Structures are given as C-alpha cells and as structure tokens.
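This document opens with one chain alone, in structure tokens, the form predicted on its own.
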Amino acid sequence: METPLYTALKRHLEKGRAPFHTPGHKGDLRALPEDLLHLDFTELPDTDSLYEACGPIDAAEKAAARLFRSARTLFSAGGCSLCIQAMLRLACPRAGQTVLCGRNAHRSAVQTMALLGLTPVWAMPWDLEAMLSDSTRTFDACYVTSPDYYGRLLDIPALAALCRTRGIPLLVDNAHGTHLAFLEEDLHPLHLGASMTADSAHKTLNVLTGGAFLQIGDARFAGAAKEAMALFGSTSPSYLIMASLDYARAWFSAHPDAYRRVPAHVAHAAACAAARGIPNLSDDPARLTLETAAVGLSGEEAAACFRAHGVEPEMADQACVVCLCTPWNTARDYARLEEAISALPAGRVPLSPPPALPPIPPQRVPLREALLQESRLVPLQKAVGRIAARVVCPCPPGVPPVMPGEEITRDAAAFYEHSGIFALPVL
C-alpha cells in the first residue's frame, strides 16, 4: 500500500530528534488523552455543534474563558487563521472600514481584509504608537502581531492605552503566545489590554495541530463571535482537535506552573550560545532565537548542524535559528540542544545582516480589487514597476514584503531575490 505522507511522517519519527518545533505536545503521548483517536465523532445529539454550541462544547469554551480570564473564549479547529478572520469581522463589520496594521501581519490577515473589503493602513511595528498618537488620522481598529516568529514582543499596554483613547479595538495576532498566560510574569496580550487575540494553541500547548482559541477581552464583541467564526469556518470541524483544546485547558488548570520551569532551560541554553558569541533575540522567555549570523553562520547552516546532532528546530532563515520550548521538552532534549550549540562552527567573520522588509511601496489599486483580479506570472526583473496581484512571501516567516495592489519597487524586488523568489504574479 503506497502512503507517501504517512510513510514520510513515520520515517521522520524514527530519526528520534529532540523536537524544538510545533506542536507544543512534542509528540509526547502523555500530553494527550490516550484514547483520543477513538473519539473522532461529528455533530450528534450528545456531542454538540461548534457554531450552535449549547451543550458540552459550550461548557468547554466557558471553562476555557475562566482559565484565560476572558469575556469569552471560543474554540477553533481551523487554526489561528479562523480566529484572525473572526476578529477582523467582529471589529470591522462594514466594508470600507480602516484598519491600522503592523506591516509584519501574516498573509491570512491580508487575505481576510481583502475578502471583507477593509482598507489597511500599513505601518512598521515601531511606528504604530506614533500613528495612533496622530490625531489627524482616523482608524476603526488596530491590528498587530505580538509575539512575532522570533519571539519579539510589542508594548501591548502602550498600544492598548492609545486604542482606548481613540475608542477603537486592539486586535492581536498572538499565534505564538498562548503560553504567555502561564509564565511567572503574565505576558498574554489579553491581560495587557488587548480587545481580542487569536491564539494558535497547538504551537505551545498540548493541542493537536489546527487547534486555536479566539480570546475576547472586550465584552461588546462576545455576542456575535460565533456568527463571525461560522462565516469562515468549516461545517465539519475536527472533534479530535476540539477535544484536545478542552483537554489542554483542563491540564493547565491542574498544572498552572508547568511553563514556569521552561525559561530556566531556555536561559541556560542561551548562556551556552552567548559563550560562543551568539545572541538570543527573543523577548519570549520560552523561545530561543539564536542570531548565528553574528558568528558567520546562516540560520540554515546552523539548523543543518542541529539536525546532525539530533535536534530539529522550529525554523531557520539567513540569520537566525529558532527553537520553541514547552513543558514537554525533556532534560535530554535540552542536553542535546546545548551539545548542538557547542558544536556550531566558530571563528568565522560575521555575516552581513539580511535585508529588512523594504519601505512600504505606494498603493496603486485597492487591496480587494487587486487580489481578486486575474493575474499573470512574470520574471522578477520584469515585475519592477508593476502592480502586485497576490500575496507572495518567504515562509518562514510568512510576511509579505509587497501587498496586493502595491507597486513592486526595486527594493522589494531585491528583497524577493535575496529570499529566493524569482517570479511574481502581477496585474
């Protein structure tokens, strides 16, 4: 029987690498109910229905709201993308509304704004506070990403205060930060003033891939939340994923201190890297973002070295390698990680920094109009001066340097070329 994907997954498992990547449960069978695979059911009279929840799903979501101290918490079996879609729908229900957006928004947010007919006003993350402080600008919502893929955190309390002054909601793509609620210093954006957050629970909790929470802090958005999720979500959500969300909520209710042991392991590994001249760029105490370019090693080269020493990182790029740590990483995992760090080649000349996101190009066509028009693929050198038609971005980290409807500048083309992308869809 030919099973290419199943076989590939089995072969990867047999490599026995220390898992410093998603999902948060790390494949540890003790992190999930042992009978979970027997519970693959559907909407039945006694199993409830996700978008019309009035039984066990409703009870499970209310229990999650108590754990996260939210006005309402909803389950998503469609990943964080579904939560982002619902957040934007709730905050801006009318086409044409304006959203101040951090430029490092994930492509799912860009596509959702296009589908909803919203008008994004883009700003680099470090310019968001100044934009919110500008009384001449009008926005209906503010959308930011914190933490980002590298574990860098925005000043959510400051942004929340500015949004409250304006009377607009602060929406946070918290895909990489569900666990921030369980650290000794609670850094979860919901508890720092965000109106709503999208939490990709499977990344850092013991949840099956695709499990996420929509967290609502502002009660005015709670009533219509199910309707907003149903607009985008599958009518056949996975009960296995939803059950794992419920189980993780119960597990963390019983083990609220589980994440508080993780930062010490991360700090020890970071100190090992610092001794080699490799800084850790992450603000998240449970994430290790090693800037290996500082010692003349690309992130991809470092990741290859890690794999040779039995360690699988979360991601790597030209400058960094990222390791995601959770309570299900073992002492042996951390020992192998430190062995891999110690084995990285040393004594090289530091690499030139990779290009930052290019300056925001001029918008020539509205986002929705550009994304839904016909397009054609052209070589990169012929795309300069043309209008971008689709979201094209290197992944990781999944952040587009040019948005649909924007002019493809020479700076943007240089960024694409450096990322290994040599053709673009244009109008």
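Quantities reported herein were computed from a predicted structural model and do not represent experimental measurements. We number the residues from 1 along the sequence you see.
Form predicted together with a small molecule: not shown, discussed below.
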Q: Consider Ser81 of the chain shown here, and say whether it contacts the small molecule in the model of the complex, taking contact as heavy atoms within 4.5 Å.
A: yes
Q) Wondering, does Thr145 line up within 4.5 Å of the small molecule in the model of the complex on heavy atoms? A) yes
Q: Please run the contact check for Ala175 against the small molecule in the model of the complex: heavy atoms, 4.5 angstroms, yes or no?
A: yes
Q. Is Thr292 close enough to touch the small molecule in the model of the complex, meaning at least one heavy atom pair within 4.5 Å?
A. no
Q) Want to guess which of 266 to 274, 133 to 141, 91 to 99, 200 to 208 is within 4.5 Å of the small molecule in the model of the complex, heavy atoms only? A) 200 to 208
**Q.** Residue among His188, Arg249, Arg72, His106 with a heavy atom within 4.5 Å of the small molecule in the model of the complex
**A.** His106
**Q.** in the model of the complex, the residue from Phe182, Phe221, Tyr149, Phe306 that sits within 4.5 Å of the small molecule by heavy atoms
**A.** Tyr149
